[in-house]
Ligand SMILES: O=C(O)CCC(=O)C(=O)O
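In structure tokens, one chain follows: the form predicted alone.
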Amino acid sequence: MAVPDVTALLDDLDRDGYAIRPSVLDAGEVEALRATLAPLLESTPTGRNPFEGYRTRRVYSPLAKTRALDDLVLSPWLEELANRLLGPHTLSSVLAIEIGPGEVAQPIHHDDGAYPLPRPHPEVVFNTMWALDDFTAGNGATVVHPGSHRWDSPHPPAGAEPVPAVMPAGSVLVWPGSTVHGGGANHTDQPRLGLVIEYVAGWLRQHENIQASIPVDTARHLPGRLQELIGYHLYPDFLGFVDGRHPRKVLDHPIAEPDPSQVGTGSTQ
């Protein structure tokens, strides 16, 4: 994996509200990710509403289904970027998105729209889209409204036009949660596959409850930093504790179950 310059990325994000870096993954890394996701996609139905896309398949909770994404999620440059944009943070969502032939454009949105924060505000979300196919203007490349991270309202002003994030397979698109964007329409006869890795400030609820999606027995054997990223962490100083302890300690020393013989034995007289 190539390592993008984080300072240059931050400059681009500040100026444009998004940044593209080509050739971060080499062809072998792209193919390995595609091979990992292929069986998961085969068992995944298409979307249930216009936002998900009726001709789009979304593999939710892949960290509960494969360990092949761990190294990518734990990339040091992503960690540095998240720290500099958000401070202490967790993963908000990880999912694969395959936009199928004939899919229409997704409604535009901003990823921090789930949080009732007035605009403008310090960034609380940042997102990455990893191209596992070539992203083109015709096959559903993510579309981005340049400069929308500075808009007072997430609604595009008159005349504002989004631009497609055209990029070859192996590239990554990065944008903050305030940037207005959406999945593009796929006018081709081939699907377009991308992988989303999204981060959120540690004091906010994740978009996806990743911690609950991964069995405790699986979480117990994850790398320590990945345990923290999925939710076994404290936001300074004590936000997120479990039974008065750091939540990661629960993985090694679970809270004792109550004795069933002592439950519900109180007198009803």
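Numbers follow the displayed sequence, beginning with 1. Just so it is clear, the structure is predicted and the values come from calculations on it, not from any experiment.
Although it is not shown, the form predicted together with this ligand is what the next lines describe.
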Quiz item: With the partner left out of view, is residue 97 within 4.5 angstroms of this ligand in the model of the complex by any non-hydrogen atom?
Solution: yes
Exercise. Could you confirm whether residue 181 comes within 4.5 Å of this ligand in the model of the complex, counting heavy atoms only?
Key: yes
Quiz item: If you check in the model of the complex, is residue 67 within 4.5 Å of this ligand, heavy atoms only?
Solution: no
Quiz item: Hey, in the model of the complex, is residue 90 touching this ligand, heavy atoms inside 4.5 Å?
Solution: no
Quiz prompt | Non-hydrogen atom within 4.5 Å of this ligand in the model of the complex for each of 77, 80 and 128 | solution = no
Exercise. Would you mind picking the one in 119, 84, 109, 187 that has a heavy atom within 4.5 Å of this ligand in the model of the complex?
Key: 109
Quiz prompt | Selected contact from 220, 34, 55, 58, since only one has a non-hydrogen atom within 4.5 angstroms of this ligand in the model of the complex | solution = 58
